[in-house]
Ligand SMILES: C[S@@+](CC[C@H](N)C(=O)[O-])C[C@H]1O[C@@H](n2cnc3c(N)ncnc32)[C@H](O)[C@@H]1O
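Take a look at this one chain, the form predicted alone, written out in structure tokens.
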Amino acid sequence: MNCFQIIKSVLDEAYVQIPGDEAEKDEVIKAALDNLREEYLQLLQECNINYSDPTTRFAYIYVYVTSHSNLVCNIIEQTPVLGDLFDKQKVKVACIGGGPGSDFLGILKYLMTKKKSPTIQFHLYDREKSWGESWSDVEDKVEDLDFRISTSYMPLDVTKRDDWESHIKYFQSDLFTMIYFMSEVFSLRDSAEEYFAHLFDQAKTGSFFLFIDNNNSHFYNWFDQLAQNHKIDILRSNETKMKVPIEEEKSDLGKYFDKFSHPKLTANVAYRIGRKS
């Protein structure tokens, strides 16, 4: 399975949603790409990214989901205890801040690469409900899928207790993913801390946590401290650089690669794999 091919089909749908003719679309997309890069340099202080804007969602998918989904797949491949989880008949995955789709797209690639076939449920939790449109029919975009998947999207703002405290079913998930999410709420951690403490406390015994984020000690130390305080045993920990694998062809992004140059191909990443004791 090639993530870039699936992302190309998602980009085609997202491109149509952007108003204007082709030249106008391309101009605002290039501006959104520049804006995202600038905003991500400011995550320690604030995050003002508006993902309700279809142009911003297009830019994020093009530049970052291409890379982040492959990170998810590669890290699972390198971690047998996590890969073994997908030998079960049924697996439930809760993607916290997973609206962009990196979490479940990376897991799909892993399952298809390793020819594993659980019945798998993905529950995507994200404040921006518009992300749900991008991934609701992803199974129709994947050829020769020999296992059953379901995806559901639930709006959730981790900074508002009234918004998250009514969600309880996902605590029975086998795996919780946090892919470049904690860095986006870091500047709001005084409001978000209670949510993560609640999540780690309520997750079922034996469930796994997959944290992937920027290689910045502020972000991974926050996760590490939460894990230490809430009985999450860290099974694997690393800070390193990782590249998109060679089987992913940039040309599969079609006209978008010609228009908008390089997606993110190398990541300076910190990741943690934890298990609830």
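Start at 1 and count along the sequence shown; that's the residue number. Note that this is a predicted model, so its numbers are computed, not measured.
There is also a form predicted in complex with the named molecule; it is not shown, and the following applies to it.
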Which one, 168-176, 93-101, 109-117, 198-206, holds residues whose non-hydrogen atoms are within 4.5 Å of the named molecule in the predicted bound form?
93-101
Contact test, all of Y40, L156 and V185, partner the named molecule in the predicted bound form, heavy atom 4.5 Å
yes
Residue contact check: F58 to the named molecule in the predicted bound form, 4.5 Å heavy atom
no
Could you tell me if F122 has a non-hydrogen atom within 4.5 Å of the named molecule in the predicted bound form?
no
The named molecule contact in the predicted bound form: F86, any heavy atom under 4.5 Å:
no
Can you name the residues of 112-132 that have a heavy atom within 4.5 Å of the named molecule in the predicted bound form?
D126, R127, E128, W131
